[in-house]
Structures are given as C-alpha cells and as structure tokens.
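A single chain, nothing else alongside it, follows as structure tokens in the form predicted on its own.
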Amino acid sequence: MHVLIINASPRVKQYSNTDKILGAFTKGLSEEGATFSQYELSDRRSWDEIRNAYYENDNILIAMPLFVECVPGILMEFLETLKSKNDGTKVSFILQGGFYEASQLRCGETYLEMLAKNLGLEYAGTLVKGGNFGIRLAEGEARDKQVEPFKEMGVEFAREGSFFSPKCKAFAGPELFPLPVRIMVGMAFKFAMPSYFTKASKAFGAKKPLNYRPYK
C-alpha cells in the first residue's frame, strides 16, 4: 500500500504539531511494509506538485490541526483548486487539536466526511485525537512519549486501510471528562495554566503579558 500524505497545517514543519504526529504515524506505516510520500501545504511553492500527486494517487491521507472547530484556511484554499475525482480514490484524515475531549473535534470530523463526498472521494474515516497542544514545545523523550501512540495507529492503518477499526475509534479517548475532572481541569486552567502559557509565550519572543489589552 502506498499513501499520499498531505500535512495541511499552516505552520512550517519546525513549528507543526501535525508534522511531529506524522513522524510517528509514518514509522508505523513503514513497519507494516506500507510506503508513503508526504507534502506540506505550508510550502506553497510545492502546490503544483501536491496537486499532481493528488490526481495520481488513489489512497490519500490529509492530516491537520483543528483551530476552534475550523479546519485550516490554507487547506480550504488548496482544495478549491482541485477537481472532483470520482474514480474510487480513498481519503482518510487525521484531525488533532489541543482540547483533550473527543467531543471537541466531532464537528470537524463530520465536516470532513461531507468534504470527502464533495470531492468525489471514498471516505475512509478520521483519526481523532486531542491533547496535542504541547508537542512542539516538548523535546527529546518528553516529545517522543506524546507522539508514540500515533505509531501504533500507523500500524493499524497499514493493516486495515482505514480508520474504522475499534482501535482507531478508541484512540480518540473520552468524549467528555466526568464532571469532577472537568471541574479540576477548569481550576487548573484558571490558576495553574496561565503561568505555563506565559512561559511558553516568552519562549516565542512575546514582549507583553497574555492579558495585555491595548484597545480596552
């Protein structure tokens, strides 16, 4: 099996959580004997090459982050340049985000199933997984630990050819945290996480505090 993989993150590879996830996922693919070619939509110079690969391949995987229930605009811009295939080509998706609860990504999952039909492609499922915000901020073993589960999903995809298996469905994690956990998480985001986000923003060169409101 050969898979055309399109990283639809608007971030360049260095800062893309999706890229780190695909790094682990493709290791699993390769271990099962599958081959792949991968392209990055963030590199607009390669769009003609990606478009040609899209028409030439019959097994396509598009991976992306979900930004507040919206798929990346760069993906929508690219898809508007494509023509429907209607030739039995399969398309699968990896949909990842920062929120831990799977319910936060279901709106995007439903949209992607509709999108496949609109493109004239056979829908082969969406691998949903949240809790990935900090991947690119981690290094070494800490990062490896976060992305390692995606390697198993690569193995599963190579075996099944889709994301419909029970293992893939269970991979999404809890739809909703139990109420006590939601209360604890809410408290953590209110009191503990601001310091974490402040530290992370400073690492990216931010000069103003996160609660800075110049137009208030």
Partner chain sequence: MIVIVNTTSDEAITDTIKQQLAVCKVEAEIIEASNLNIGHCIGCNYCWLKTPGECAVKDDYEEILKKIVHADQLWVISDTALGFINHKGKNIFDRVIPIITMNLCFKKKEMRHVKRYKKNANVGLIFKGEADGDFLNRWMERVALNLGSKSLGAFKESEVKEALSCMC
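Numbering follows the first chain given and starts at 1. Since the structure is predicted, the reported quantities are computational estimates derived from the model, not experimental observations.
Just so you know, the form predicted in complex with its partner chain exists too; it's not on screen, but the next bit is about it.
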Q) Can residue 72 be called a contact residue for its partner chain in the predicted complex at 4.5 Å between heavy atoms? A) yes
(Q) I'd like to check something about residue 104: if you look in the predicted complex, is any of its heavy atoms closer than or equal to 4.5 Å to a heavy atom of its partner chain? (A) yes
(Q) If we define contact as a non-hydrogen atom of the residue within 4.5 angstroms of the partner, is residue 142 a contact of its partner chain in the predicted complex? (A) no
Q. Given that the partner is absent here, does residue 149 sit within 4.5 Å of its partner chain in the predicted complex, heavy atoms only?
A. no
(Q) Heavy atoms within 4.5 Å of its partner chain in the predicted complex: which stretch in 55-63, 163-171, 29-37, 184-192 meets that? (A) 184-192
Q: Let me know which residues along 123-150 have a heavy atom within 4.5 Å of its partner chain in the predicted complex, or say none if there are none.
A: 133, 136, 137
